[in-house]
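Shown next as structure tokens: one chain only, the form predicted on its own.
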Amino acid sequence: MAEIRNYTLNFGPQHPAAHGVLRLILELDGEVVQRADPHIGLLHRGTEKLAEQRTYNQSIGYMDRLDYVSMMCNEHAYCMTIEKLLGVEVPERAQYIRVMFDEVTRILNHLMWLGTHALDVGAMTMFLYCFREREDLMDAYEAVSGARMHASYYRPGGVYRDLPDSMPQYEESQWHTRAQVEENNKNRQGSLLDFLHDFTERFDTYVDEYEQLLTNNRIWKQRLVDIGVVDAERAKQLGFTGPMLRGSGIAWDLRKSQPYEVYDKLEFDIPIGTNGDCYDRYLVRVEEMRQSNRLIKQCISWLRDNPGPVMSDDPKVAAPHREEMKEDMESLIHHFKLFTEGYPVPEGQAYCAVEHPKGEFGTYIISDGANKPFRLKIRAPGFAHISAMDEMVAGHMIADVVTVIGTMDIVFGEIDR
């Protein structure tokens, strides 16, 4: 008899399902995975160290690049931590805008997750469907900040500016006829709120389409049901948060348990799973998209009826208005000092977390009274999830490793920070 022994396989980083920079070392017994050893560090950018060399506001852009699918949620946690240290009050309108964009970001994230997860497992069409809806929400990002992804829209004390009254329009070109342009611009005739309202009215039917394709699809269920099972107790021990924890049946959501901004004034439900497998986590995230849509509708109706400031009037953190800056010497000096030197933050330490689309995303800042953080520590949800990779794939086939990577909704920017 030939000696049969386990052999070791490199999975990634160049594998399409490894999402760019994940290297997994798999120990295999034939097709069955005995253990999986994730090697991270191929993307490492030193964000926490870089933040020590920059003023507080200059690091907002770094937050976007951590989880580059959930940009504004990262900014939110960072800005809330600075506000806690400064004792700055955020105007109510700015809080509603933040919550609305957090939920827009949650839908953006889950659409990306659903499209790529289905593509990894073998369903091509979902990817095209999800990216069709992402375009509309990316346009909302662009309308409010000028950037489709790395928005840098939140600021300590509020948001960069109020919501725009008009949307960018498509223009006629050699690729787009007048009739196509008119059709594409049909829902862009009003303000950003009108555009988002139109999206929310359509979105539930799109989610129905996704479910029609996948939820009862027998191939999808064969690939996801009873794969990567984590029970409730073990999920807590492993430090799971977000849909990974709720998929195991624990109704833990920071928006309910530790409400921030105006979440306590809004109505929404927390979907939870029962089996803690990949299929339950899929169902939880799909229902979260519906709940986010419901939250966005509530924010839109409040924002339409309640004009007001979107930035704190504390001159320590808020830049003077552009008109003042161009007419008044004091305002010009203040503007220059604020954007070159920043502002000193009182000595102390603070931690703030948000219910990020992937779980609990928090930032812990230690201030020594200077205009730069003495230390910044980021609590990234994906880091805890990937550490459970070995436990979740042991005993499954190689093909199931791809499913488990997909169900974790991993983005390496926050893991290899």
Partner chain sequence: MELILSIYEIPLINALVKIVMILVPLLLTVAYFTYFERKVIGYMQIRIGPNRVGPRGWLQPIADAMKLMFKEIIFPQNASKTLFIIAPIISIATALAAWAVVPFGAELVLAEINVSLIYILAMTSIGVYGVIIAGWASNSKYAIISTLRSAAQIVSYEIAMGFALVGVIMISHSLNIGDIVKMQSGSGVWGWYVWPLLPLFVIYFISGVAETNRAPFDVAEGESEIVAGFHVEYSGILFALFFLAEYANMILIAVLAALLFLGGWLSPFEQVEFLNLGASFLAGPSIIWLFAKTIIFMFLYLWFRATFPRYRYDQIMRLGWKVFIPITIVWIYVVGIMYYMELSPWFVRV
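Residue numbers count along the first chain shown, from 1. The structure displayed is predicted, hence computed values, not measured ones.
Just so you know, the form predicted together with its partner chain exists too; it's not on screen, but the next bit is about it.
With the partner left out here, its partner chain still marks one of 295 to 303, 331 to 339, 222 to 230, 243 to 251 in the predicted complex; by a 4.5 Å heavy atom cut-off that stretch is 222 to 230. In the predicted complex, its partner chain lies farther than 4.5 Å from every heavy atom of Arg202. When contacts are judged by a 4.5 Å heavy atom cut-off, Thr125 counts as touching its partner chain in the predicted complex. Interface residue remark: Asp29 is not counted as part of the site for its partner chain in the predicted complex, having no heavy atom within 4.5 Å. With a 4.5 Å cutoff on heavy atoms, Pro16 counts as touching its partner chain in the predicted complex. Think of it this way: in the predicted complex, its partner chain has a heavy atom of just one of Glu288, Asp280, Glu83, Asp120 within 4.5 Å, and the residue is Asp120. Contacts between 228 to 243 and its partner chain, taken as any heavy atom within 4.5 Å in the predicted complex, involve no residue at all.
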